[in-house]
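The data below hold one chain only, encoded as structure tokens and taken in the form predicted alone.
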């Protein structure tokens, strides 16, 4: 294996050294397993050769971007070869007149947007890890972000893909046009597939003009239900804010105690933003949002007066994940999504589950599209607490599914949620997903062990 891989990518783009493989044994989840080797291909032809070789000898291959997955999606649970696509990082084409950009899978999100900004355009999905996350990883997990309520997720912007299939065949699917109904939409099959069906090497993305103006406001509430009601009422008010974020009391308290950010005592805080191409348009939208927020008995509402003030309002939300990670050495960050009208029930339900098992759960997230992130804080060296955390997680998943929700809005299933797939998907659907996997990947070499698809 070593000889063949070095022959394909060169000595400098191969490693089987322990100290270089350890970083590939984990992502941002709690899952850990070391690969046997890692390679850094620089061309699609090299990826084709690697996958053909792996398929012939039935060696697992795991495509990897920046490794920011929160569900164990890139953890090589069965060993094998990590295909690190970070060196395939060229922006191949920007066509402003046709509203698309064509990039290699290893292009970093923020790097793409810096290039697009020169032309007044943007790729809207913005995961929190956009400064390091790659476009290939975005596609593999159908990444979203804080502006998903208005601008959607990665799926809404993929026009076409170049994919190396598990047998080593190279396929280009999709189109360069804004519309296409020619044949089955195979590109969608690979979006959110977490590398279980092939290696994405090139992506063609729809791009949007950058809105020229934005206005930000923050509202705090004494009752979680009031905040939840304010959110879904806003989303049915006739306008769609570009941002509708929420933080619960645990998150607010952690930020107050561990940063210099001054926040009021509250059960919930909503951060919202409107954007557009004229200032009157932005203000008119915000007026509607503020009227809804005020109807739901807020403690306080603040509106940014200028750009400096706007950035200050954003500080708390942007610090939530990192602050909570400092509060507890061990944590699980989940990613459940429900219909927007069920947000109040989800918020209250998570709080009740937290009290039931005496486990701290801090909840924040993209409430405008129903996507919340319960961050479960615990001590991994306390066996009793670990067992209770497992029960908390399962009950949160069952709560979300019971509210007609889903196990994941943007983090993916990976290893962390594979055991719960049957909560959401019936036996016929699971069987069909496994059949698709087996048809494309007969030897189960492509990111095996994920999403309960190996059966």
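Numbering follows the first chain given and starts at 1. Quick caveat, the model's predicted, so the values are computed rather than measured.
Missing here is the form predicted in complex with a small molecule; even so, the following discussion is about that form.
- Taken together, 152, 231 and 286 are entirely out of contact with the small molecule in the model of the complex: none brings a heavy atom within 4.5 Å.
- Residue 134 belongs to the set of residues with a heavy atom inside 4.5 Å of the small molecule in the model of the complex.
- When the small molecule is considered in the model of the complex, residue 73 lines it closely, a heavy atom lying within 4.5 Å.
- The small molecule in the model of the complex is approached by residue 141, whose closest heavy atom lies within 4.5 angstroms of it.
- Among residues of the shown chain, residue 50 is not one whose heavy atoms approach the small molecule to within 4.5 Å in the model of the complex.
- Contact annotation: the small molecule lies within 4.5 Å of heavy atoms from the stretch 406-414 in the model of the complex, the single such stretch among 393-401, 37-45, 425-433, 406-414.
- For the candidate set 321, 314, 357, 176, a heavy atom within 4.5 Å of the small molecule in the model of the complex is found for exactly one residue, namely 321.
- Screening 370, 374, 148, 195 for any heavy atom within 4.5 Å of the small molecule in the model of the complex leaves a single hit, 195.
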